[in-house]
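Take a look at this one chain, the form predicted on its own, written out in structure tokens.
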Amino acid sequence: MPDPTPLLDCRQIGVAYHGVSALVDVDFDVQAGEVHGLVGCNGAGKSTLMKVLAGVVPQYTGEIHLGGLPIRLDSPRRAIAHGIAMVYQELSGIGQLSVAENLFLSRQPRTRFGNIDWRRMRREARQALAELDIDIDVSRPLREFPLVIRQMVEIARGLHSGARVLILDEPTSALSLPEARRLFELMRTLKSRGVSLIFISHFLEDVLTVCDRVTILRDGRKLLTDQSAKLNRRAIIEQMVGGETAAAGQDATEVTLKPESKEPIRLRVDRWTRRGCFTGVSFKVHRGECLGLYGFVGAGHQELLHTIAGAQPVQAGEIRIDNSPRRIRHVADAVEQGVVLVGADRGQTVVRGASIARNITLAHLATSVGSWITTRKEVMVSQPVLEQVGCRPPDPCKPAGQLSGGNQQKVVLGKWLLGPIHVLLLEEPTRGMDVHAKTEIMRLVREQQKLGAAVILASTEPEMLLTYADRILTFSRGQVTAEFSGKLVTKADLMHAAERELERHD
């Protein structure tokens, strides 16, 4: 008979920042060998609760029991010592170090002379990854591997540290469907070994697929915990958004796309090539049009945006803006010509320690603030932008890192509003966001379309593209496999087209 005592039991957890409650008397428990989903809109308290468990927020009230015994989680080191590890959405691995070094960060094996035992470290790293069915060269730098492998390495690091409770924060937000399935299989394997997993995600289908139970938070309070088999996506959304319409969260799974626009061509890309990413890609985008690029992770469509924005080099191809050939060698060249990128990794686009005002003005300091930079000038310039994009709170002096993910993305968009936007490149612009934040971000994008910007939206979420794109190109192995416009298109159509080139090669 299974033990009814939860492995991890949180009772009446409360957290307040400067008198404002982030969590209010939240009860949450996880059984041994259970996958427990945690959902809620941005600001619902999910991250705060998990940071309490990870030891990052020690100033909590309430009690936490592990294996029936009371514990106090007042530091990350204490949490790890108790067997609680967290894999964050913004991965914390050090790209310059090898896979083995990342796996053994701060725990490197030593020789009897006190030096790092490199041979043993690489051997044990290979063994640890082999248990997760990962076969890679552990001596290579972590940055050379795709996102899914870097994520697996972080999971392996948590398990290798002795974790009995593993917290996964939005682990599928940047994964293709096959990669997500691989992660789910890994989670089921860990579950069968008695590891408990807490799964945080805005992808409700993923939550219902892999979780045994689901807890819903709203405004820092627990609404309910129930078996996932008794819930469905619409019921969860209704609980998450409360009085707001749940229909706002229903992204399209099929749609009749518009025929190709008759507006002038704003951007034309011909024979665009970057070795190892994509080859001979050509397409055009009209004024006020949103072109969707769909593919699985590694298909090349996301890297394509970075090359157009001057963030990565290409070996061949030509770009025309408003029918004029342009040479974009660096990001500064692109920005000067009104080509701007909103990347998927907010950690790379937001200076978290700097003020919101500094983040807003950073890209256009000379033109927006002038050569003599003062805080007062930056505040004056940024305040109207914050009001325009609906940033909450609209406090220019607040550190950008203290904003929610959705509001950080509004700041990223806001900084480009200080200069011309002819081409807006969006890479997973609403990754990890709730229904309301996603709607707000895409409202800002629509406004730029109305002003004549050509928008390119690259995503691994077919629903996202079916909801917001006017035309859609599918990618596989660095090549365009299909174009959809002027007809009914389903989620299955996009996924089949994205797999077409893979099938041809296998």
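Not measured: the values here are computed from a predicted model. When you see a residue number, it is the position in the sequence shown, counting from 1.
Below: the form predicted together with a small molecule, not depicted.
A.B. asks: Any chance Thr48 has a heavy atom within 4.5 Å of the small molecule in the predicted complex?
C.D. replies: Close contact exists here: in the predicted complex, Thr48 approaches the small molecule to within 4.5 Å, heavy atoms only.
A.B. asks: Report yes if any heavy atom of Ile13 sits within 4.5 Å of a heavy atom of the small molecule in the predicted complex; otherwise report no.
C.D. replies: Residue-level check for Ile13: no, no contact with the small molecule.
A.B. asks: According to a 4.5 angstroms non-hydrogen atom cut-off, is Gly43 in contact with the small molecule in the predicted complex?
C.D. replies: Yes, Gly43 lies within 4.5 Å of the small molecule in the predicted complex.
A.B. asks: Does the small molecule come within 4.5 Å of any heavy atom of Ala22 in the predicted complex?
C.D. replies: Yes, Ala22 lies within 4.5 Å of the small molecule in the predicted complex.
A.B. asks: Given that the shift is 3 Å or more, do the Cα atoms of Thr490 and Ser201 end up closer or farther apart in the predicted complex than in this form?
C.D. replies: Closer in the predicted complex, by 3 Å or more.
A.B. asks: Could you tell me whether Leu473 and Ser201 have their C-alpha atoms closer or farther apart in the predicted complex than in the shown form, knowing the shift is 3 angstroms or more?
C.D. replies: It is closer: the C-alpha separation of Leu473 and Ser201 falls by at least 3 Å in the predicted complex.
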